[in-house]
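Below you will find one chain, with nothing else, as structure tokens; this is the form predicted alone, and questions on how it binds or moves follow later.
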Amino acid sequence: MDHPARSLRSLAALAVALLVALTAGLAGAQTLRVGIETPAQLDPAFASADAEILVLANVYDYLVDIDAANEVQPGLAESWEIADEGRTWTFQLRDDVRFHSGAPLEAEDVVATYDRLRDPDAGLPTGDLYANVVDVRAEDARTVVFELAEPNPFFAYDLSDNHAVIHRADADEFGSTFDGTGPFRVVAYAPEDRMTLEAVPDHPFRAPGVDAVELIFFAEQSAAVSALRGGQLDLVLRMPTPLYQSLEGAPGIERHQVATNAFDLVRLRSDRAPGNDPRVVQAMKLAVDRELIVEVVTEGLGAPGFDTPLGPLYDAWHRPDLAPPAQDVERARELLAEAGYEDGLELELHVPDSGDRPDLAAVLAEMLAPAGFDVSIRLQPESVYYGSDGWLEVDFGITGWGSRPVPQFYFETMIACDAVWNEAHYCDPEVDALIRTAGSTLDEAERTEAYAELQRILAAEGPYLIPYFFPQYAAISDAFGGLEVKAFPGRTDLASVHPR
């Protein structure tokens, strides 16, 4: 009998050999090589990072999907009807869809997916999102019915949440096996290195334009961009503004930029000192020059933010006239002194090392200093910052929030008193009442007024700085066409990319 350690080494060597052989076998085919960050969590219910969502969104399908214009489109459901004043939603599934294992898609698979995501005892980030769902049932093999406690005008968008890829009803090894219905199937996965996807050429509504996709993992975005320049990659979907600007005029590379509602949020915890003193919050708001932050950090490519998560992408509700007060450093110093910090206030700013957040931290520390804030920066790998929910506990932090098709998501998951990701630990009953109104009323004028009042309160009093909404950047080899970057880059459909 082999020694256990020797057996393990042999198995590891065999796995590597198979991966190399498989990659070599695909070399003659048309393969799209994509540089992404290393996925840490590929269980759909817990995935959050762009890299993780990119894998899931291309290996699985959604019941309904959101296009690049933020419009709801059919996915696995080819049609739906709404009844009972918005409380009953009935979806008809396509009849030509199969999982990669060969099993046909059935309504029970959809029911099992959403039952898992809405389980109040599972502690999932989607628990709050689907708390309004009182029942999901399969009326037959092709019909799924959702019953809501209260009308929700945004329910179709909720069903397309990043976590809500449809899996088989009997799936149980989430994150290690991948039996989806999407345009690509997983054929090899080395968790610290790469994942190889093979096209499903007969996919009924997302026919792939390439034979295979190789997702290559990079710890640093700069390394991925260098690999793109050197021809070792074909596509990079995320990068900080300076890296994107550095690719201007690069031979053989096309740049893509899309406006989004993604933003970098700076916040103080409001449930304990020093953030529980409104004077400290006001001093922080008065100390910064938001226009200068946009110019310096995003190189003028971002849209101005006014300390609320409702940006210009939602033009029907965005109210730039309800802006925070202008910079007033002298008044900021006075408020800080009145709060008991005559000699200044020391703060440690926790920052993930991705995107433009390190640059924002540096600019912010410099701006806050004249008002009496002594800010030290603690830079962490993104996986560490978000790991074990530590980002929800720190007093002072910067968090990157991805773009969503409707603003209600942010209010319900970030700002409401019991929100699952209420990182500021902020709670205001008036704000909660307005959030409920905006998310339930069928009267558009009433919703517009609720969103306006939310923007007014948060801009004036909320423990947040949201100085800009940043674009998403991508760069691709000019050997490929068809790329349509989505506002949340992880939802980009790689099936649309094709060789020229």
Partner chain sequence: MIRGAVGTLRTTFARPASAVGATVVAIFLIAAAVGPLVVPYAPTQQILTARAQAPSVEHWFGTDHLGRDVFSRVVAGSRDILALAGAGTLFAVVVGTVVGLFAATVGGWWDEIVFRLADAFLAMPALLLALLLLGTLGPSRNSVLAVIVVAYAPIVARVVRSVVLSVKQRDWVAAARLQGEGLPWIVSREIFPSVLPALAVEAALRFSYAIFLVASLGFLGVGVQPPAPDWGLMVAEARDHVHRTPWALAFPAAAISLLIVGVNLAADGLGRALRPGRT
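Since the structure is predicted, the reported quantities are computational estimates derived from the model, not experimental observations. Residue numbers count along the first chain shown, from 1.
There is also a form predicted together with its partner chain; it is not shown, and the following applies to it.
Problem - Segment that reaches its partner chain in the model of the complex - one of 93-101, 132-140, 216-224, 393-401, heavy atoms within 4.5 Å - result: Selected stretch: 216-224.
Exercise for the section: Could you spot which one of 362, 82, 169, 72 gets a heavy atom to within 4.5 Å of its partner chain in the model of the complex? Expected result: None of the other options qualify; the answer is 362.
Problem - Selected contact from 122, 379, 258, 427, since only one has a non-hydrogen atom within 4.5 angstroms of its partner chain in the model of the complex - result: By the 4.5 Å heavy-atom cutoff, the listed residue in contact is 379.
Handout entry: Touches its partner chain in the model of the complex: residue 343 (any heavy atom, 4.5 Å)
Key = Heavy-atom contact with its partner chain at 4.5 Å: absent for residue 343.
Exercise for the section: Spell out, yes or no, whether the shortest heavy atom distance between residue 242 and its partner chain in the model of the complex is within 4.5 Å. Expected result: Contact with its partner chain, yes.
Exercise for the section: Would you check, heavy atoms only and a 4.5 Å threshold, whether residue 295 touches its partner chain in the model of the complex? Expected result: Close contact exists here: in the model of the complex, residue 295 approaches its partner chain to within 4.5 Å, heavy atoms only.
Practice task
Would you please decide whether residue 319 lies within 4.5 angstroms of its partner chain in the model of the complex, comparing each non-hydrogen atom pair?
Solution key: Contact with its partner chain, no.
Exercise for the section: Tell me whether 272, 413 and 423, taken together, all sit within 4.5 Å of its partner chain in the model of the complex, counting heavy atoms only. Expected result: Negative, none of the three is within 4.5 Å.
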